[in-house]
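Below you'll find only one chain, the form predicted on its own, shown as structure tokens.
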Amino acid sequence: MQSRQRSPGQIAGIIAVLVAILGVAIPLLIAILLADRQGRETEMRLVSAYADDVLHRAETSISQGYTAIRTLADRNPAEPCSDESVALMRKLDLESSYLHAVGYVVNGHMVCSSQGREGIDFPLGPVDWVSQRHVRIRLNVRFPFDEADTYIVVERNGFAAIMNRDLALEATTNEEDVSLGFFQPINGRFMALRGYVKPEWVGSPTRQVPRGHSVRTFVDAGYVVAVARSNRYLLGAVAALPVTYMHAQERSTAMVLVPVGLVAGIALALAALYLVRRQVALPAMIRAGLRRQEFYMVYQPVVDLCTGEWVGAEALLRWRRANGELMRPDLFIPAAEDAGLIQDITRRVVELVTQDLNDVFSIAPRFHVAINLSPIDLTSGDVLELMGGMAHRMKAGPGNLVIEVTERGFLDRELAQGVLHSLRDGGVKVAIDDFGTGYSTLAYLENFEIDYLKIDKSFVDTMNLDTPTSQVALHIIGMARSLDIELIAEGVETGTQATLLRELGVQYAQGWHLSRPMAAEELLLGLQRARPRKLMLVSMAG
């Protein structure tokens, strides 16, 4: 049983359906992924802020404690419990928002403090650890005057600062089940803790944040966790929230993004359907346009930047459909290349130019006309016959005809070299169009016989701007000089650009500032006037 071959219309329909499905599915998937990512990032920023807040409070407590201890030791170390010392203790206590009291310790007993000397003597309990600076730290001290709370006592040289261990955990939070704590990074021991925290979050050397680095966030055991490390002290902080908060944030974000993604997907699908159907139908439209002679030419003069004279013109193909719609070349030229129609387009261009400008070289013998060839044209021997016939009918002399090829045309190096060599032997000059946007280098160009380099408009636009491409035009000019190749700048739209190009040694240019594209009749009339044109070069833009 023979299989039926699908028609172009059926293929277009299948492609359109697939594009429509993808057009809806992809934005929805992107919306879901964005919601997931944004929910995760929002939650991680939140726990990072909590960890930062705890660390800031702990650092401030430690800093105020160290400041108080140094001040007391410097002022009156010989009489630590004198009236003067106790008064100073009270002053330091009042000035320090994170300190509960300041005192003096002898043999593990608090003997005087900012609260006075009477009835103060009581044991503080064992030291939990001693820091590298010989600071003795007790983590679970309860005072007779406030047995409900637990305090941290930091002691050095007998002087001690007393801090409420939970004060650093009073971070501003909207979540009830947030876990907070600060710890000693060397041993991972917590100095204060509220809520559930796995010891592995801070105790493992592989999980600890290096000193001087930013907060590290991760998800573990159903929690979003942030661990911070102090730049000033051996101190770290941790904050954790259940992942249920993250999932809630993801759902909330998805409620906004998914409908937007759905609408965008439908719009994208409709646009894609239109473009696919049009793209599939475009080759048939091109064939019909060629039959109906809907294509026509306009010509943009190439101007001598020193004299203002027209020295040549680039032939530009245009397509106006029977319904009056103008089709852009950047749409139909690639479609013609993909459909194998580009050589038909080239033959039509040659026919039109030959008809339009049959007598141009009798009017202006040194004038040149440039036509654009595709990379496919350069791989076909037909182009030699085509250009030879064009030169014969137009009575063109050496240099009157120019072909413009993009750098893609040189990908088949050996074949392109042979075709270009034969064309130049026949008196046709060669220009590289849109130079700098493709593959060519100085070493690459040395292998080809080139007469002109055309500087792309994108580089002309940025010459006097501070952009990454602003120096490209200067490099192209230097390359052309080293190879003795003439330059044509494209897309010159301001007097400033024209002046700068001329000062840099660029010989020729084209663009709306110099002359717009025009019909053949207008071009011939301009040449027949036979009077020199003086270029209006101004020092300011456009």
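Bear in mind that the values here come from a model prediction, so they are computed numbers and not experimental data. Throughout, we count residues from 1 along the sequence that is shown.
Below: the form predicted in complex with a small molecule, not depicted.
Novice: Tell me, which of E404, E155, D356, D93 has a heavy atom within 4.5 angstroms of the small molecule in the predicted bound form?
Specialist: By the 4.5 Å criterion, the partner-contacting residue is E404.
Novice: Let me know the one among G389, P329, G195, G399 whose heavy atoms come within 4.5 Å of the small molecule in the predicted bound form, would you?
Specialist: Looking at G389, P329, G195, G399 one by one, just P329 meets the 4.5 Å heavy-atom criterion.
Novice: I'd like to check something about E493: if you look in the predicted bound form, is any of its heavy atoms closer than or equal to 4.5 Å to a heavy atom of the small molecule?
Specialist: Yes - in the predicted bound form, heavy atoms of E493 and the small molecule come within 4.5 Å of each other.
Novice: Are any of the heavy atoms in L415 no more than 4.5 Å from a heavy atom of the small molecule in the predicted bound form?
Specialist: Flag for L415 set to no.
Novice: Verify the contact flag for L384: yes if a non-hydrogen atom of it lies within 4.5 Å of a non-hydrogen atom of the small molecule in the predicted bound form, no if not.
Specialist: It does not: once the small molecule is placed as it appears in the predicted bound form, L384 has no heavy atom within 4.5 Å of it.
Novice: In the predicted bound form, does A315 have a heavy atom within 4.5 Å of the small molecule?
Specialist: Yes, A315 is a contact residue.
Novice: Looking at 368-376, 104-112, 127-135, 182-190, which lies within 4.5 angstroms of the small molecule in the predicted bound form, counting heavy atoms?
Specialist: Flagged stretch: 368-376.
Novice: With the partner left out here, if you bring back the small molecule in the predicted bound form, are P283, G289 and R320 all within 4.5 Å of it by some heavy atom?
Specialist: Not one of the three qualifies.
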